[in-house]
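One chain is shown next in structure tokens, namely the form predicted on its own.
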């Protein structure tokens, strides 16, 4: 195991077999996490990048089995923020010192590409980077958004196991998901993807394929985390025990893709005390505080029990592990 970890650290290459061996083995987790932390420090440094997350709509056309805001969930209060409300939240985030704004929503086609382009152009007046996370759109729509000033796009593949993808995403097309990611790369977006860990039917083999997919795509950002079951979804009875495996997927991904951005996701902290800090010590270098207004923040419930961030405590925690805010 130490030889595999050393190889990954030096060459940033592993075979699928070597990745599965690392994922299966529990005795060398400490060594794996420490190696990923060293590579993170070497390639992206000790500064933690903060991204201001604005969740502007929880109205979704899709029915993903793991997601609390799926279209079939009738026990949720739906909302949409107006263009003016989104721009105001972004402006407030900029005043607070953020250099990147993340505009995230459910798959809500009420927001046309032209409408979103107007929002982006307004926010870009503040000279900040904009990341979009709005799901599957056409090449033409992605092009309009890029030309309006969007810099990055996050579209998680969730799983590269085609059969599992089909089971969990009714009326969605795996190949279209891949098409979207290729279009984003072609258009020059910094392209992010990622996966859910702990899905029913997911194997170590498929997780290894996920990691190799990230590398083949040459993604710029990887967001991943454990499945946290939501009571209003078909996966409500699944046990949430994917934290440590998520951490290992994160660490291996850092070793193989040394200079990418990787968030310590809120799901990590929700499922495990100090989960965010553990992720930051296993390869992560980004944290995404939610700056959505209090009235709507709790309605964007992809999974239950989302942990919010306390700025003062966050900075103190970062200092304890030798990290500072960028």
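Residue numbers count along the first chain shown, from 1. Just so you know, these numbers come straight off a predicted model, no measurement behind them.
This protein has a second form, the form predicted together with S-adenosylmethionine, left out of what is shown; the following refers to that one.
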Close approach of residue 91 to S-adenosylmethionine in the predicted complex, 4.5 Å, heavy atom: no
Contact test in the predicted complex: residue 156 vs S-adenosylmethionine, heavy atoms, 4.5 Å: yes
4.5 angstroms heavy atom contact with S-adenosylmethionine in the predicted complex for residue 302: yes
Exercise: residue 33 in contact with S-adenosylmethionine in the predicted complex, heavy atom 4.5 Å: no
Contact stretch among 248-256, 219-227, 115-123, 81-89 - heavy atom within 4.5 Å of S-adenosylmethionine in the predicted complex: 219-227
S-adenosylmethionine: the contacting residue among 196, 168, 130, 180 in the predicted complex [heavy atom, 4.5 Å]: 196
Heavy atom within 4.5 Å of S-adenosylmethionine in the predicted complex - the one residue of 277, 48, 288, 67 that qualifies: 67
Contacts with S-adenosylmethionine in the predicted complex, stretch 98-126 (heavy atom within 4.5 Å): 104, 105, 106, 107
